[in-house]
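This document opens with one chain alone, in structure tokens, the form predicted on its own.
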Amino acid sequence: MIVRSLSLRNFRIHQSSSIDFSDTLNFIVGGNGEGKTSLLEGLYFLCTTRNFKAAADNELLRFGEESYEVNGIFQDTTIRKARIYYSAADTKRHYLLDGKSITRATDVIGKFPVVLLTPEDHQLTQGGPADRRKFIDSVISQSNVFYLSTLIEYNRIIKQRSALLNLLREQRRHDYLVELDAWDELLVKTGTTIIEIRQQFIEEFNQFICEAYSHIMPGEEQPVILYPLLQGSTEIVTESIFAERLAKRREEEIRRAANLTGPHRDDFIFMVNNTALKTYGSQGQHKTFQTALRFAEFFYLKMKAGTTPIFLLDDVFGELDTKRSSRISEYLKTVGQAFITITDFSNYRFLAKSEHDATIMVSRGSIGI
């Protein structure tokens, strides 16, 4: 997958910006607040229908304007055109793919595989279980439509079951308990499917983690991801085991009005040299693991999707030492097209830049090549 061009109108600080990209590395250069990250936001928006800054539409709208627009042209075996349009008047966002209106995110996710590496990725290794689940679910969802639909259904079940547990805490009625049995059956079925797919994914993904890590720290450290099933169980999780564990915690769930058992509470343990990274890892190891996760995601999606993902790197070199930065820069040569934001080249002499790469200067929302 190649991004041919991007245009922004009244998006963030950009009044009207259009860029044609190189097929190789695209270095987006500008100071803080000049609008360089907005280009990555626009690309990610088109690929996922979501803004990675989690900003509301009115925050994306340029000050004093009534609407914004993001357009992109993608090329794989065919040319695809994606457009996002928002009007403050009707407070509604529209997504169009090749001129046709798209109303479900599931109709877009996976069509333009995308990988994003940002300083906020420190949450992957240093944050809570929800951050790691979000990462794992995102990677699988981009390569497995069935998993994405199952995950959406599972989250719906969790929401409905939570509401019912609240009712049961207030009043233990027989009809509520019968309804809970029905939700439990659905929870077990979809939850077991999610666990099985996650387990298979981790087995495959660990190979990609090792490969990526070895490019950044060759031969020095051995990474691995562990997936303790159902909050620490080492058993192979079947529907019967899931149902048994769920039944044991029913009274506690009703008392607390909370869903306490299932893959929505699982964690993934990141290890380096048989040691838990979160507890004992150095700052350098955390940064290396975070970067390796994104390179592993890139090459995993490339294998599964049969197309090259779009790789976005937002201001990541500033937090890495020269040794790791240099190796990451060399590793980027194997990616193909990538989009990299930096403040200036003077502090990044280690960057491996070729004559085919593009330099895009961004200043106050204006573009220069």
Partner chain sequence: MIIPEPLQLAIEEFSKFPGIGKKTAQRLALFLLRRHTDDVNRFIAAIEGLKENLHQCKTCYNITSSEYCEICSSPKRDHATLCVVEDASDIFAIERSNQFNGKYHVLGGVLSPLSGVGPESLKVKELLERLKSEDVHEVILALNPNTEGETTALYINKLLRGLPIKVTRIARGLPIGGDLEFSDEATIGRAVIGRVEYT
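Treat the numbers as computed from the prediction; the structure is a model and nothing was measured. Numbering follows the first chain given and starts at 1. If you superpose the two forms and keep the largest set of C-alpha atoms that fall within 1.5 Å, you have the rigid core.
Below, we turn to the form predicted together with its partner chain, even though it does not appear here.
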Legend entry - Contact flag, K159 vs its partner chain in the predicted complex, heavy atom cut 4.5 Å: yes
Legend entry - Distance check, A89 to its partner chain in the predicted complex, heavy atom within 4.5 Å: no
Legend entry - Proximity of D175 to its partner chain in the predicted complex, heavy atoms at 4.5 Å: yes
Inset, instruction - Using the partner position in the predicted complex, report whether E179 sits within 4.5 Å of its partner chain, counting heavy atoms only. - result: yes
Inset, instruction - Name the residue from L229, I225, L97, L164 that puts a heavy atom within 4.5 Å of its partner chain in the predicted complex. - result: L164
Inset, instruction - Select from the listed residues A130, I79, A247, V145 the one whose heavy atoms reach within 4.5 Å of its partner chain in the predicted complex. - result: V145
Legend entry - its partner chain in the predicted complex reached by all of D315, F339 and I342, non-hydrogen atom within 4.5 Å: no
Legend entry - Contact segment among 98-106, 203-211, 179-187, 292-300, judged by heavy atoms lying within 4.5 Å of its partner chain in the predicted complex: 179-187
Inset, instruction - Answer yes if the Cα of G191 shifts by 2 angstroms or more between this form and the one not shown on a rigid-core superposition, and no otherwise. - result: yes
Inset, instruction - Indicate whether Y147 shows a C-alpha shift of 2 Å or more between this form and the one not shown, with the rigid core used for the fit. - result: yes
Inset, instruction - Once the core is aligned, please say if the CA of R250 is shifted by at least 2 angstroms between this form and the one not shown. - result: yes
